[in-house]
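A single chain comes next, written as structure tokens; it is the form predicted on its own.
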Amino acid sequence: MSQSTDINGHNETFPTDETPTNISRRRFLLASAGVAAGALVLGFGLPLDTARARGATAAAGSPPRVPAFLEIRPDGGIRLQSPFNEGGQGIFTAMAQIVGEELDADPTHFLVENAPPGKQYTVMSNGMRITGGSMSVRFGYTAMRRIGALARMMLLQAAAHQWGIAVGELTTEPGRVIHKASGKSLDYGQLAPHAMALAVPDADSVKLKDPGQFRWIGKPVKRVDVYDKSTGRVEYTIDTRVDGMLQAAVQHAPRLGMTVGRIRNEAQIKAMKGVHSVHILDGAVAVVAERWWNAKRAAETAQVDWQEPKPDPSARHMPTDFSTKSYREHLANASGDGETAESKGHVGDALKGAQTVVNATYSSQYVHHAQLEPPSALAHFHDDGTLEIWLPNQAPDMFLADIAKRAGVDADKIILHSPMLGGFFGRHFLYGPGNPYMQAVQLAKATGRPIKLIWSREEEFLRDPMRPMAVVKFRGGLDANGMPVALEAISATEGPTEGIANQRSKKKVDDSAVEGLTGKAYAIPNRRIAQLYVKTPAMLAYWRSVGHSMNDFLYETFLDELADKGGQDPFELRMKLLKGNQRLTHLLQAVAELAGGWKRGPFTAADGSRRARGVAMASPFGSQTAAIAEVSLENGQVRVHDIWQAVDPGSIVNPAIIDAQVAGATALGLSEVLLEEAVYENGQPRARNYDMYPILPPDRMPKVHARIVESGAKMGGIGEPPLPATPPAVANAVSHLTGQRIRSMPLSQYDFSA
């Protein structure tokens, strides 16, 4: 416990653990503009002092940093500050459902906002605070239920005191405390001012609901963010404005690592319409103007002498001769056994004794995030030295610490806003030169004015950090019955985690580089998965479902190749390899039932097209998935007609959100396997906009059929798991339909015209 003095001289004790605490009694918070007077405000452990709390309101025109999750207002309104950021995945709704279930309040009436940085918003059981890795619900579930239950208990206690009866005589209906014996009731807003004066009950004394009593959890509750999005009321970072703001655009160096020598036409740029100033940044030229369009046109006009960097082994530099084609060959020619990530049995001996040995080389491609909202940031230095900044992000505390370090501003003097995101996909983590926020900070400092910086689509495609490329060498051994007895996979790659850190993993293997190759449940008695570390000059990043997005494709398509070599049906082979695994056997059966039964084909459909089906499975982020795809060829182009997907996340919060996530993740998986590829030539990306980087168009989107299977296992994630099984299911169907083995993505590389 730590002690401080409030603004009226009263001593107050602040818990430093994660025990929920009632902070509404603290008068400095009631004076904050963000909290309604008389509100019941609950948060988790608050290691704050009075000076910090008072400083939260110091910046003129800036909302206070109120360290609380849940606010029940006298008018009955309920405000929830979500520790997880909303970006289209439905997390605001899920959090409102979880809290509302235990509070007994309709979650569709909640006002939900992104919470500011602060350790008091760390609720996940793994001690992290990021929105990613499909972790939010599964690791924040218990803590968010508990805060709802504690608030409900305090409201019951307030009513009991007011009526002079025992708490045990009371119950609740949505938004109200009920005394059934007398018929009396009070709504939560009426009780909030009385509850605020009560001590928070011990967390262990509050019993959480039995799932059989759930009113909202497990139900398709309406999204709380849809109305504001559909009416244009949501403000993304790109929409944000402050008084006195200038706007900025940049022209980046054509290759990563290059620096500005000189701007040959700087005087001409400064004379252009609306231009305020021209600035040289690290690896970029920036133009500041009254309007962004003027800044963009001026930045594009800049004639820059770019200089090659000095040799620095610790920094990434894109060489002038780099191409993705030659780099793939480089990965394929890398030699060595790699570092073992997973091993069982004796692969070498099993391969020597196998009836048939299958050797195959598979590869994945670089892909862009290509989200529709271009990167942007707004930075504002106030007169008191406070830095206020708006930026889309998936980890506010990480960004706050990075800004403080790089800007030389004390963290207590930084107010970080996290507006709703225009898409996630892993784009909004700390990617160094792949992020615009430090450019905005530098320009705001240089001009003395608030600066909103937006990267044009062309600049985003130039600096977007990408999912890694990998080449995997497989060896598989089959017995006399065509059953796999050995499997080895050596992936030549640099993983995203070690790529972001710009250093090799201290564990020797980057788990994010091999996930999807490791962790497979198939009963192959001898297996070895390894990573052969090969550094890339490109900036790397996480991409939706991370290593699973490429590795499940690589593994599951090679498994089909083994099935064909052994004369096995791929669906039946998986059933045999999963014998004894009740959960996955049931899941595979469920997706077959959803598809009307397994039939590999080729067969002739009702429209006369010749079709085939493929199957694949994945085990990402604590969940299990199985997918079946049905495909045909139209004018040499792959047409995916239907995707059936069964998803087992253990238990669920909102089935409607899961259905939406299955559809969205399937679309991205299809886009990846059919079309997406970031191609480099002469050290530069070939695509600088969507014209050269096609994503899945609406007319190629198939019907998606989802089935949720609740096995009762430990809760898994849902935002990313539906993606990884989609690409291999499609590729396996195409392989069977055409007789052409698919060993890489995208399928647009292949010629199916014959």
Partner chain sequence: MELHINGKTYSVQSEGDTPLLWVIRDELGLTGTKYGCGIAQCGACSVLVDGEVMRSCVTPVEGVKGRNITTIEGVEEDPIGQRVVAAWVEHQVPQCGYCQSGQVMAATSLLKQTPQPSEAQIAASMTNLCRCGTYNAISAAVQDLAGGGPSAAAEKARMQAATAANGRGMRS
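Positions refer to the first chain, counted from 1. None of the values given here were measured: they were computed from a predicted structure.
Omitted here: the form predicted together with its partner chain. The next part is about that form.
Q: Using a 4.5 Å cut on heavy atoms, which of L372, A181, A166, A605 is close to its partner chain in the model of the complex?
A: Checking each option against its partner chain in the model of the complex, the one that comes within 4.5 Å is L372.
Q: Using heavy atoms only and a 4.5 Å cut-off, determine which of D511, E342, D479, D239 is in contact with its partner chain in the model of the complex.
A: Answer to the contact question: D239.
Q: If we take heavy atoms and a 4.5 Å cut-off, which stretch out of 80-88, 97-105, 593-601, 211-219 is in contact with its partner chain in the model of the complex?
A: It is 80-88 that comes within 4.5 Å of the partner.
Q: Mark A706 yes when one of its heavy atoms lies within 4.5 Å of a heavy atom of its partner chain in the model of the complex, and no otherwise.
A: Outside the cut-off, so no.
Q: If you check in the model of the complex, is D312 within 4.5 Å of its partner chain, heavy atoms only?
A: No, no contact at 4.5 Å.
Q: Could you tell me if G283 has a non-hydrogen atom within 4.5 Å of its partner chain in the model of the complex?
A: Although its partner chain is absent here, G283 would stay clear of it in the model of the complex, with no heavy atoms inside 4.5 Å.
Q: Is Y188 near its partner chain? Define near as a heavy atom within 4.5 Å, in the model of the complex.
A: Taking the distances in the model of the complex, the answer for Y188 is no, it never comes within 4.5 Å of its partner chain.
Q: Could you list which residues of 204-237 come within 4.5 Å of its partner chain in the model of the complex, counting heavy atoms only?
A: In sequence order, K222, R223, V224, D225, V226, Y227, D228, K229, S230, T231, G232, R233, V234, E235, Y236 come within 4.5 Å of the partner.
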